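Take a look at this single chain, the form predicted alone, given in structure tokens.
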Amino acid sequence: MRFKLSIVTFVFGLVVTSAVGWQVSMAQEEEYILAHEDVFGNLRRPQVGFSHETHVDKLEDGGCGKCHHAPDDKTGQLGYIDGDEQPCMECHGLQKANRIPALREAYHANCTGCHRDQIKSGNLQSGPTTCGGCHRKN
């Protein structure tokens, strides 16, 4: 009887773990292009290739909330809401609106800001901090 219970528990755990892993893996594309020509029109610089996997692997404090944030309805403060990861364009438009920066400025501040913070903390293997470092021609 104990053996059967152990097997059932093991199988149940395996199914739950697989389902959660599948859900997380489907949440974000691993590699994608940041271009948003529908927002910006013709791009002045090359589009940016972005590796979600690379960034998730390097995030420590703040985790997904470093990029994915939303205002808390109660406090109004920005924070990470697990399972409610919205695309940046959901809140950030072409132009600044009230205190919400425009999409271009939000990307630049968030990406290069994090890369600079990494360098300040001693991680010299951080991402690029200049325009040409992200906007690279094929």
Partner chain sequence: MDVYELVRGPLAWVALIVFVAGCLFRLLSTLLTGKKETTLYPSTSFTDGLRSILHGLVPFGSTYMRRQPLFAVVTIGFHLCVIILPIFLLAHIVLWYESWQVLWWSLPDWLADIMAVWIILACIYFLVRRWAVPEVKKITRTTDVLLPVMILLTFLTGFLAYHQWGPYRPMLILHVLSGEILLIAIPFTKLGHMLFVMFSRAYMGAEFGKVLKAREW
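Numbering follows the first chain given and starts at 1. Predicted, not measured: the structure shown is a model, and the values here were computed from it.
The same protein has a further form, the form predicted together with the partner chain, not shown here; the description that follows concerns it.
- Candidate site formed by R116, G132 and K137: every one of these residues places a non-hydrogen atom within 4.5 angstroms of the partner chain in the predicted bound form.
- In plain terms, the part of the chain that comes close to the partner chain in the predicted bound form, with a heavy atom within 4.5 Å, is 37 to 45 out of 85 to 93, 72 to 80, 51 to 59, 37 to 45.
- With a 4.5 Å cutoff on heavy atoms, E31 does not count as touching the partner chain in the predicted bound form; it lies far away.
- Residues of 96 to 113 placing a heavy atom within 4.5 Å of the partner chain in the predicted bound form, in sequence order: P101, R104, E105, H108, T112.
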